[in-house]
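Two versions of one and the same chain are coming, encoded as structure tokens; call them structure 1 and structure 2.
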Structure 1
Amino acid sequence: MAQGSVREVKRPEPPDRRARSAAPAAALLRRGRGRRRAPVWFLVPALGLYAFVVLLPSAQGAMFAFTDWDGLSPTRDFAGLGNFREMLEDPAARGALRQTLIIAVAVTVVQNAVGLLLALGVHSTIKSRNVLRVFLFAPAVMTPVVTAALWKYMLAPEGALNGLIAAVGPDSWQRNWLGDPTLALCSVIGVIVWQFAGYSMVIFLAGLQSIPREVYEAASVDGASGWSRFRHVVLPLLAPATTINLMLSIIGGLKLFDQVWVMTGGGPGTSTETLSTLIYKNAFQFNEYAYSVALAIVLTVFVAIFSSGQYGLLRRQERAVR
């Protein structure tokens, strides 16, 4: 080294910095992905508990559908698909499936139509809108068993509804609303719509309130008003709320049990029998536990097919609107 020259001493880089600088891009990418996936591991305990409490017992219970167990006997024999073949030949099962589908479709259509009308009504600027919202939503927070017992009394031949009809109209308008096989199913559907229309109203109302005021003003400037504005502006923007409401309605209608059991018990005859009430009767009244499990599996498959198909269709419509 020449005299007088200043030797530059290169300071070693910190180990971490050198490691980062030397790490290949692929390793950094993997590290980033690992950090993004880290929150997923926090779900493992909850998923494990859910699998142990729900999924495992459900799988074990589903195995009874392939046996002839009556629910009480200490022994049970393997029956293969015998319960499912019996179901296809059982007129009670076919009738219960028909009533279940009628209730699910009717409740989904009527409840959401009424809920949308109520939401449009209470979305106005009238002073009493908050009171109306509470009043209309109140039935949805009541226990289904309580509302069913209340309406069972009101719809009785000597009940409040016939008394009101007698006070304002001819006696020929009075009906045995729950005892007439031609009216019982419609009466049950009416009670369900009365109770849960307010629930649909709240979801639609949230969707209406999320629409910016500028959208209404722009539609008015373009000349849209009344039905045209509702059809081409409001209704497409309510697509997410519509999806939620339809999903909840169809699933609730397919699984309906409480109101039917309290008001009619599936009768008169089998006019209001649903898959849920038939499952209950076979399990706890007829000692056909294995057959009831087979019915429950069919009901679960129906709920999964209807809800997934409906969700896929509605999601495609939402994306088309966007």
Structure 2
Amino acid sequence: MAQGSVREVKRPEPPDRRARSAAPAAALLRRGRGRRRAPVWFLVPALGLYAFVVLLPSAQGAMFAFTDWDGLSPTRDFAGLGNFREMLEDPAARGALRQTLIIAVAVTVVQNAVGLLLALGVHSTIKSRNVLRVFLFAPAVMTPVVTAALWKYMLAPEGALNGLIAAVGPDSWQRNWLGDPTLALCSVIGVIVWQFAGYSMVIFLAGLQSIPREVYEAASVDGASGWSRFRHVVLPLLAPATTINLMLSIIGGLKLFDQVWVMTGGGPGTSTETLSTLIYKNAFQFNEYAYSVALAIVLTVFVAIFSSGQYGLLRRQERAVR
């Protein structure tokens, strides 16, 4: 409102170079009015690309989920909730859903706890902090296919981890980290945490750096130290960084594909199958096209629930702090 009125005041006498040209007064006026508006057509390229790549195909996908289409045949019939009913009885789908949720929650908790500890560790007077930050963040930049291949070797029966264990401890501690169905999921979670803890760290660091020094000093003067200063002063002020971190890691965890595909392919058995790997298999290997998009709808719903719920919760916390 205020801004609009300021512009109204300025408008009558613009020191316009073009005013000196011989253009007719009507054209000048029209141009003057046009210039006041932000150029709406600037939206066209972005919206066009976005609609073509995201909106339209998502809507199509949502429609196909209620059919029986195999992706190849010329006919497709409306199947109502058939695909979703099938999912309830399909152990593969239930397993994938379970594993996806476990991965998302475990990764979110562990990755952010580790990231926060790392951030607190390198956000201080230590001399090597810049070098350490560079190395701790480096895995987050690396191609997931590359890190997954590296870890596939590290975790193999004759791999580096078992080699290390053999060097320091009893042989009975060695495991088939990716080949044992009960361990494989934990191994995958560990690799994801290893890769992205540095990512959380950098965001927490940015948050820590935005806390003014006076706040620490005031807390110290009030007698708060160590844990209570962290709990009652630092942690609440980190709320924006925490919001972003939790959102990123939970959404990333729900969509996880690359690392699983390279390290285990969903196996052994179906012990590391995620919604993303199952969507891929149904669409491109089993020709269960409609079923695959139905699974994608379930994934969408979970992403929406988690991110909106979390967002609402943390926004309220942030406001409480301010």
Partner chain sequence: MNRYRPRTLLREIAMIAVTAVMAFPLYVLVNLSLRDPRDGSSIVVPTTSPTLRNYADAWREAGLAGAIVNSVLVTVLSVAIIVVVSAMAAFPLARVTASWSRWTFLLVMLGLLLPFQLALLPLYQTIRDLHLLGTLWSLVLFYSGLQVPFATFLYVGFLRVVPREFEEAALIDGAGPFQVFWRVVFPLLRPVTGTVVILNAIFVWNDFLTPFLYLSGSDQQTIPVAIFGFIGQFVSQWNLVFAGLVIAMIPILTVYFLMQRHIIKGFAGGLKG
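The term rigid core refers to the most C-alpha atoms you can superpose between the two forms while keeping them within 1.5 Å. As the structure is a computational prediction, the values presented were derived from the model and not from experiment. Residue numbering: structure 1 sequence, from 1.
**Student:** Only one is the form predicted together with the partner chain; which?
**Tutor:** Of the two, structure 2 is the form predicted together with the partner chain.
**Student:** Would you say Gly269 moves its Cα by 2 Å or more between structures 1 and 2, aligning on the core?
**Tutor:** No: Gly269 shifts by under 2 Å between structures 1 and 2.
**Student:** Comparing between structures 1 and 2 on the rigid core, is the C-alpha shift at Val44 2 Å or larger?
**Tutor:** Yes, because once the rigid core is superposed, the C-alpha of Val44 moves 2 Å or more between structures 1 and 2.
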